[in-house]
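Here we start with a single chain on its own, the form predicted on its own, put down as structure tokens.
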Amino acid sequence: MIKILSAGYCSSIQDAGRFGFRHLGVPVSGCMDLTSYNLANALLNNSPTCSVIESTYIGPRIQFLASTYVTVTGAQCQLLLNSHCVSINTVLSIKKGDILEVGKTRLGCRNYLSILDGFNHEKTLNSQSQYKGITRYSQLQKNHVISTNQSDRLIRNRASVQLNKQLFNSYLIPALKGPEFSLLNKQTKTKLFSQSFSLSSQSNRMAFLFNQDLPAGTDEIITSSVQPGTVQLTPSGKVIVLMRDAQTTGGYARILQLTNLAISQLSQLPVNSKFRFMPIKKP
């Protein structure tokens, strides 16, 4: 078990996502950066669906109530074990009573803390991913005690990997053309791929908003299916990228669609970071 001494910023339990309920209007949720999430579980040889703690900009301070192994992946950050600096992207041996602190990010903005065999957190609709209105809490709370799955597994060869900086400082976000891309005029199509956008401070796990608009929007469409990574354009020229907690339907034109890797890249860009969309073709 672990105890949350401080929750950090927007820290929550997340896993691969909540699937099979979109027809009921339930978002997929899950980790924003699936690449870092998968790495966190792989380093511990966990099941690829084990839950982790996702944090943004500054992570939680955690006390361990039993010995175990953990790893922290994602953004480059200061990581302290009992006030001593330790490395991310490596397996850490934890003793009962140890305190781990995930500090401020320096490159990227989201971190993922995985524990041996995962957290034994309550499941709702086949997922541990926290989401307001579906789970009891939408974020970690100070002094909460979270159960972990019991494990007698020993990790003898503690692996580590180097930080893949391309995931955290790539300012070209690959994107496929969406169903309503053809509705854009030539000027807007050109601007979409040549203009630099920057993330608005109003962005969240549901949708990323930008500080720049496109010169011309499109009329609203008949409400249609959307998913994480769908890029919408409003009639006023606002560009919206739907993220992991996105709704399941929408009435704005779907002009682009991001891949899972592109969502991971975009989710690691801090507020006001600049990027451009790069057109790609379906494989």
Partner chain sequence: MPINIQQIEQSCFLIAWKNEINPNTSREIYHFNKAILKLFPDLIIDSVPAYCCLTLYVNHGTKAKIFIGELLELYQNTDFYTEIKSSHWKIPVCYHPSLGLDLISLSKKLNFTVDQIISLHSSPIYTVDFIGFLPGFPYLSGLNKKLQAPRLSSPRVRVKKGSVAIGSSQTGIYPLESPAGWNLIGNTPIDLFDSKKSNPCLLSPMDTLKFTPISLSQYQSICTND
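Note that the structure is predicted; figures quoted are calculated from it, not measured. Positions refer to the first chain, counted from 1.
Only in words, not in the display: the form predicted together with the partner chain, which the text now covers.
J.: With the partner chain left out here, work out from 46-54, 63-71, 211-219, 226-234 which stretch has heavy atoms within 4.5 Å of it in the model of the complex.
T.: Among the listed stretches, the partner-contacting one is 226-234.
J.: Are all three of G25, L176 and K282 close to the partner chain in the model of the complex, meaning a heavy atom of each within 4.5 Å?
T.: Per the other structure, all of G25, L176 and K282 touch the partner chain.
J.: Find the only residue in K165, R106, K132, K142 having a heavy atom within 4.5 Å of the partner chain in the model of the complex.
T.: Selected option: K132.
J.: Just give me the single entry in S170, N120, S138, T124 that has a non-hydrogen atom within 4.5 angstroms of the partner chain in the model of the complex.
T.: Flagged contact: T124.
J.: State yes or no: in the model of the complex, is some non-hydrogen atom of Q247 no more than 4.5 angstroms from a non-hydrogen atom of the partner chain?
T.: Contact check for Q247: yes, within 4.5 Å of the partner chain in the model of the complex.
J.: May I ask you to check whether M32 falls inside a 4.5 Å heavy atom distance of the partner chain in the model of the complex?
T.: M32 lies outside the contact set for the partner chain.
J.: Indicate whether Y9 is a 4.5 Å heavy atom neighbour of the partner chain in the model of the complex.
T.: Contact check for Y9: no, nothing within 4.5 Å of the partner chain in the model of the complex.
J.: Give a yes/no on whether Q257 approaches the partner chain to within 4.5 Å in the model of the complex, heavy atoms considered.
T.: Looking in the model of the complex, residue contacts with the partner chain include Q257, since a heavy atom lies within 4.5 Å.
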